[in-house]
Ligand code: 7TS
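Quick setup: one chain, the form predicted on its own, written in structure tokens, and binding and motion questions come after.
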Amino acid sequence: MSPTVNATAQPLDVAAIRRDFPLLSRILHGKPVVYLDSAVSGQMPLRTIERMAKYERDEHTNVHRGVSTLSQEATDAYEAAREKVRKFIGAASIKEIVWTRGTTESINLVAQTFGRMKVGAGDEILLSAMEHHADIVPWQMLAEEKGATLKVIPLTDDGELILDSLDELITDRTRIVGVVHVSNVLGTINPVKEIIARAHAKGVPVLVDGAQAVPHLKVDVKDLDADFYVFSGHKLSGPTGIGVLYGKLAHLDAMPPWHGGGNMIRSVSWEKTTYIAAPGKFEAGTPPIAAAIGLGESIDYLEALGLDRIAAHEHELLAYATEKLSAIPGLRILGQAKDKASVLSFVVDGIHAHDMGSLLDGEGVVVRAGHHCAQPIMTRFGVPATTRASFAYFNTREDVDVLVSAVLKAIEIFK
């Protein structure tokens, strides 16, 4: 299902990996936890938790502002994490890596700076039909403010974008394209490199929402030629409250600051304030130091496992789960794209997704139930909500079997 799978990759030692995640040994409602909700938040390995605790216990102070040994140590660890992110996504410089609170803030930052510079009355913003609310609402707000229009790339019944009309959708009034790399509902891996190339051929910049991509795919922003690429730490087995905005340096240099305050200034007087260069000018105030350090540790952990090995393992689990769930009468899987990541959303005749989620929870199975902050997709497929199981490198076939058994039990209850 995924073009990134390396068939020769050595298999993961999943039993050993599972020992790195304390939550997986928890008992929930008398049953062992089966965590199938990594698309909402990946579990943090012990080494990440312990590294953050070390900062809080032994290194806790602010960064960039002190001459003390503690401040220098904290700054070094904080900036080392930025370098790890740069390397992880293939950016050219740490100046292109901006810390934010998450994907949502990253997109809002671009919309309220770059977007305000570029979008005017009568202009157009092009999004895909499978965007998360985080890549819809900020652009709607900007469009309403500026008198611009949102346009949408449609998708097929299988959950693939219809790109035949892309050259028509991108007009001389299009100011930016926003597209999700991997759908959080359908699991579809979009051909973002092709979309970027076709947009660039018409001089239009592209923002890619990579929140669901970075845990599963090797991302190279230079190869993609993305203008902006955004993601959240907690999707990447890291902590909440930390996110990344990658932006081409020429864009970041041209964009005005996002927030005002300390740490992003060169000089302040009553008459005028001047700002430091990117990325600092976008990082006002005390940053999420422990979270940034923790994200860097999670990146180290994932790279030690090997992204190709992770992809191969998750691909096998997705194929197995798709086969098992598809065999259940009355169950329908949303999203049958040829290229998919390990996200599986389904509906069952006569059972609301929230009821299914609650019944699965009673069996110790942690999934997501609802519209997944993607209501336009729900409308497109004519459902109010779905139950979503998402698989990670620490999941097993046995986890899938427990899921299938719990779904069958829920169906029996509703007969």
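Numbers for residues come from their place in the sequence shown, where the first is 1. Only a predicted model underlies this, so the values are computations on that prediction, with no experimental measurement involved.
The form predicted together with this ligand is left out here; the points below concern that form.
A single residue from the set Ser232, Thr188, Ser128, Ser237 has any heavy atom within 4.5 angstroms of this ligand in the predicted complex; that residue is Ser232.
A heavy atom within 4.5 Å of this ligand in the predicted complex is found for one listed residue only; from Arg175, Arg82, Lys281, His132, this is His132.
Looking at Ile293, you'd find every heavy atom of it more than 4.5 angstroms from this ligand in the predicted complex. A residue is said to contact a partner when one of its heavy atoms sits within 4.5 Å of a partner heavy atom; Leu245 fails this definition for this ligand in the predicted complex, lying far away. Looking at Val192, you'd find every heavy atom of it more than 4.5 angstroms from this ligand in the predicted complex. Mapping the unseen interface onto this chain, Ser298 falls outside it, with no heavy atom inside 4.5 Å of this ligand in the predicted complex. Stretch 100-108 is the answer when you ask which of 303-311, 216-224, 196-204, 100-108 has residues with heavy atoms within 4.5 Å of this ligand in the predicted complex. Although this ligand is not shown here, in the predicted complex the stretch 26-40 places heavy atoms of Ala39, Val40 within 4.5 Å of it, in sequence order.
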